[in-house]
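The form predicted on its own is given below as one chain in structure tokens.
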């Protein structure tokens, strides 16, 4: 049974344990052994904040080392892009040459989120394939779901990046199920 590391910002939700349990159950339903971040960390009550953070980071890295692949929740989190910790996990797994599967609970691409949300619809300047915001900064306009490095890593790993609009982006499992289906299909072909 292939081991999947379930990356994403769900650990920050007030009902994190329930959401992660649901994701783990779905992963098992699709034939994978789930590895999820979070959970109890023995001795956490006696550690300082920095040392506790190190315990969590080391635990996540150990699970990623053990995993065969990742499914990452790259739904925008606290802004226009994915959770930075989850992006690190995608890069960590890519660096190991493992397949990357991801999902987002919005179908709006990176360019739309930057231009509509960050720049609030302000006028953009275009010169050929280059688009700049009113502050002169270049905006990636590549029809990709997130920063081009994230999409490139997923694509080049052989994985896929699934998307669906969700009324509750923090908890909806539609795009996650699509990523599970893509991963199951990918592994079945190996």
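Residue numbers count along the first chain shown, from 1. Only a predicted model underlies this, so the values are computations on that prediction, with no experimental measurement involved.
What comes next is about the form predicted in complex with another copy of the chain, which does not appear here.
Worksheet item: Between the options 139, 35, 26, 163, which residue brings a heavy atom to within 4.5 Å of another copy of the chain in the predicted bound form?
Response: Contact with another copy of the chain in the predicted bound form is made by 139 alone.
_Whether 88, 114 and 132 all lie within 4.5 angstroms of another copy of the chain in the predicted bound form by heavy atom_ = Every listed residue reaches another copy of the chain in the predicted bound form, so yes.
Could you tell me if residue 61 has a non-hydrogen atom within 4.5 Å of another copy of the chain in the predicted bound form?
Residue-level check for residue 61: yes, a contact with another copy of the chain.
task: Decide whether residue 67 counts as a contact residue for another copy of the chain in the predicted bound form under a heavy atom distance cut-off of 4.5 Å.
output: Answer no; every heavy atom of residue 67 is more than 4.5 Å from another copy of the chain in the predicted bound form.
State yes or no: in the predicted bound form, is some non-hydrogen atom of residue 122 no more than 4.5 angstroms from a non-hydrogen atom of another copy of the chain?
-> Residue 122 lies outside the contact set for another copy of the chain.
Another copy of the chain contact at residue 107 in the predicted bound form, heavy atom, 4.5 Å
Output for residue 107 is no: heavy atoms all beyond 4.5 Å of another copy of the chain.
Can you tell me which bits of 75 to 111 touch another copy of the chain in the predicted bound form, meaning any heavy atom within 4.5 Å? Contacting residues: 77, 78, 80, 82, 83, 84, 85, 87, 88, 89, 90, 91, 92, 94, 95, 96.
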